[in-house]
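Only one chain is shown below, in structure tokens, and it's the form predicted alone.
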Amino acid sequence: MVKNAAIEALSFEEALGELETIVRTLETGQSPLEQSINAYERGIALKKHCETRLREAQAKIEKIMVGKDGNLSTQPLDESE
């Protein structure tokens, strides 16, 4: 985990790990108010970053199709399947 790193530079796993740490810390209620507010704000930004990374990954998912001629191709994954 990379604390105080630019959120955009974090991988999904790093951002999620830091978010989990923030949640555990806030749940204890032991942090001073200002520190809790700052952690909460960073947590919101980390959550948004994770959601963006997940959407990007989902957009890249494709299904492999085998044509009648036996050739392989890909097309976007249909979420209804």
Partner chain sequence: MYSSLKDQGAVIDAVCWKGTLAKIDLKPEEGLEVICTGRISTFPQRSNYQLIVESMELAGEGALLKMLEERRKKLLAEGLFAPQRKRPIPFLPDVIGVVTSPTGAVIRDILHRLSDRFPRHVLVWPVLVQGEQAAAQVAAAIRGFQSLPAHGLPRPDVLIVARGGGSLEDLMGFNDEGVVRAIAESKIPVISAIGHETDTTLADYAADLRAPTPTGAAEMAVPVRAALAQQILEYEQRLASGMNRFLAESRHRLEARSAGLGDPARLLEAQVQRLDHLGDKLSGLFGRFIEVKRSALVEIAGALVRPQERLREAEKALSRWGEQLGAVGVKLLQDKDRDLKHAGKMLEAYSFENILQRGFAVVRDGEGALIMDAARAGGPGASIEVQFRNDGRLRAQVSGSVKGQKDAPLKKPVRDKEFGGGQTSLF
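Keep in mind that this is a model prediction, so the values were computed, not measured. Numbering follows the first chain given and starts at 1.
Keep in mind that the form predicted together with the partner chain is not shown, yet the notes after this line are about it.
Under a 4.5 angstroms non-hydrogen atom cutoff, the partner chain in the model of the complex has Lys60 among its neighbouring residues. Though the partner is left out of this view, Val23 does reach within 4.5 Å of the partner chain in the model of the complex, counting heavy atoms only. The shortest heavy atom separation between Leu16 and the partner chain in the model of the complex is within 4.5 Å. Shown without its partner, the chain has Gly43, Ile44, Lys47, Cys50, Glu51, Arg53, Leu54, Arg55 in segment 41 to 55 as residues with a non-hydrogen atom within 4.5 angstroms of the partner chain in the model of the complex.
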